[in-house]
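Encoded as structure tokens, the following chain is the form predicted on its own, with no partner shown.
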């Protein structure tokens, strides 16, 4: 009987599964049924963004979010190439003029920029722009702020931003942009561009000293650092001033033409004083109620869910004013369908869901099933996705073409490099011993092999910090790094390992041992990574150092801890990269500018490299227009850093992206990151194809069900006979 009951339960379970399989909805759909057919874009993240505060964020994984939320004054035209700045929140392009030492406005730019004491940028923003709903704006019936004077007891039931029941909004003003510029100098925020901007924005350095003095005084008085609010409206400085409700001016010392590019970046997006006040209350930081978790912006989207262990979600900002899709683009855009939505109001997508995906393979499988709308091409998926012809041409595999998947490729204005901490006592410094050690390692690190193994040849070995497409980059023999490469008729060829071993011996480490002590040389590489691909890379790096008999210890951490090590200067060697913020050589060469050092100045010179001659040349080069004079300075700067070898240079990546046929308006824009508002999806087509691609195979269940029925049938017949016989006996 027990056996019969178990078999009956199995049959019932199979019947339930069979009935579910007959439903239109796929069994493997990872999303709730309530999202079926909705206008939602699905993407992923692998590491929780550490900073969503625009004054602090300088990582591409963070800008993926904040560029959709915050609105800088300017942006890049989505379709035009070369990249062209256009207004975003600004009503028009900034008015720019020059002033002499007496503050008199010059009628025009003097030849060579001589006599320019200051450059003034006057920015007018569009009236009527409103912030997304947020509790920092909520007011009571008398006009007072509901949540600006909270005590710890008021937060006992608050765990996330949505626990505040009342929200509000207000109009964007010019003062909000000025407030954010002042935040760059706030001592608690440690903005990564403060070290750079204080040399350009007039009075920003002095403002930083004033803020630090007041901040330190309040800390010494016993206030918690996270709960100290400095009302920046009360701190005036000449570098940024409000002209009227919709106009403000930024005053630059001397001339810095690249500042226009900065006006398209989140650092110069608006932050309302109400948000700063709201988040600076006691108990907020302990609950992750900060701008780093819950940004406040005027852009097309707002962050509505921040669950770093599961998902992040952005929804359409109900107060977004709308923006027309571009009506013109580059040659060929119309033929590719990129102007089909010309003039239509942005954004097209209602919500964007980012799911946590730490491994590439699960993400790839979900993409193939239609549960992600786009995908990169990893080493594991390359052969499945792409075919490379004998002439190097790239096309989709037949399997991808059959699904209607499309391929987008572009050479990225980026560099991935292997860096040395120039403050480290072993690998750092400009003395010959350390320099030759770095050059020996640079030769031994076979990036041609690395690109072949780990990127499927989607990269070009770097000869310096400037990638192709950026002014100053030279091709051919004139552009090679002569300290690491030799020029041959076939192109650059990495110097033989014998040269690296000779340099290592000259550095005092023959055969990888300290000539003075006889001890083996042990070096440390700080990096991030997970999964089998990361382990393979770690093994590869160890083998490269083994060529020189150097012992390499890899210290692997998550990205947030890695950033802390870099900020503190405790990493000896590291892997990092840089994506262009704007298409100018200054944006790459400043990565090696001494006053931009990460440890001493909180800048983006992660190697903490400082060479006085390079710094002098950089200061001359950065403000020059592109031309022979600027090229000559760049050539000399590249010679200096190639000689000093603060980086092992690494490679310039090639970007491959896949997207489904229901995903529209895809054009690689490798400078701008506020591009999700231009994308459009066809959710009905996606739903139909998902169901077609994920139909369950039911015949094995049917066969199993039949076999179980046949197996149960004799037992059931016997049981019924036994029951009938028992009934007859009892009747007699």
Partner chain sequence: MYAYIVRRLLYAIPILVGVNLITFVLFFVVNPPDDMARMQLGMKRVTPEAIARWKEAHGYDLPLLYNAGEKGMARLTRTIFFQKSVRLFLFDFGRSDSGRDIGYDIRQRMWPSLLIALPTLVLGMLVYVSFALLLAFFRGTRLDLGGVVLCVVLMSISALYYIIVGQYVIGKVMRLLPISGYDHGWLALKFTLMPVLVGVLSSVGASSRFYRSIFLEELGRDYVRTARAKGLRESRVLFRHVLRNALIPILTNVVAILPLLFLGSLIMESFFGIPGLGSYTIDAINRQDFAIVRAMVFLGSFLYILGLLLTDISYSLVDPRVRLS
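So that the term is clear: the rigid core is the largest set of C-alpha atoms that superpose within 1.5 Å between two forms. Here the structure is a predicted model, which means the values were calculated and not measured. Numbering follows the first chain given and starts at 1.
Unshown form predicted together with the partner chain; subsequent notes refer to it.
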Does any heavy atom of residue 202 come within 4.5 Å of a heavy atom of the partner chain in the model of the complex? no
Is residue 357 part of the interface with the partner chain in the model of the complex - any heavy atom within 4.5 Å? yes
Touches the partner chain in the model of the complex: residue 668 (any heavy atom, 4.5 Å): no
Can you work out whether residue 695 and the partner chain are in contact in the model of the complex, taking contact to mean some heavy atom pair no more than 4.5 Å apart? yes
Just one of 162, 307, 345, 551 has a heavy atom within 4.5 Å of the partner chain in the model of the complex. Which one? 307
Interface segment, criterion being heavy atoms within 4.5 Å of the partner chain in the model of the complex, picked from 451 to 459, 135 to 143, 187 to 195, 228 to 236: 187 to 195
Within 482 to 497, the residues that have a heavy atom no more than 4.5 Å from the partner chain in the model of the complex: none
On a core-based superposition, does residue 293 travel 2 Å or more at its Cα between this form and the one not shown? no
Core-aligned CA displacement of residue 561 at least 2 Å between this form and the one not shown: yes
Taking the rigid core as the superposition reference, indicate whether the CA of residue 599 shifts 2 angstroms or more between this form and the one not shown. yes
Distance change of 3 Å or more between the C-alpha atoms of residue 111 and residue 618 in the model of the complex: closer or farther compared with this structure? closer
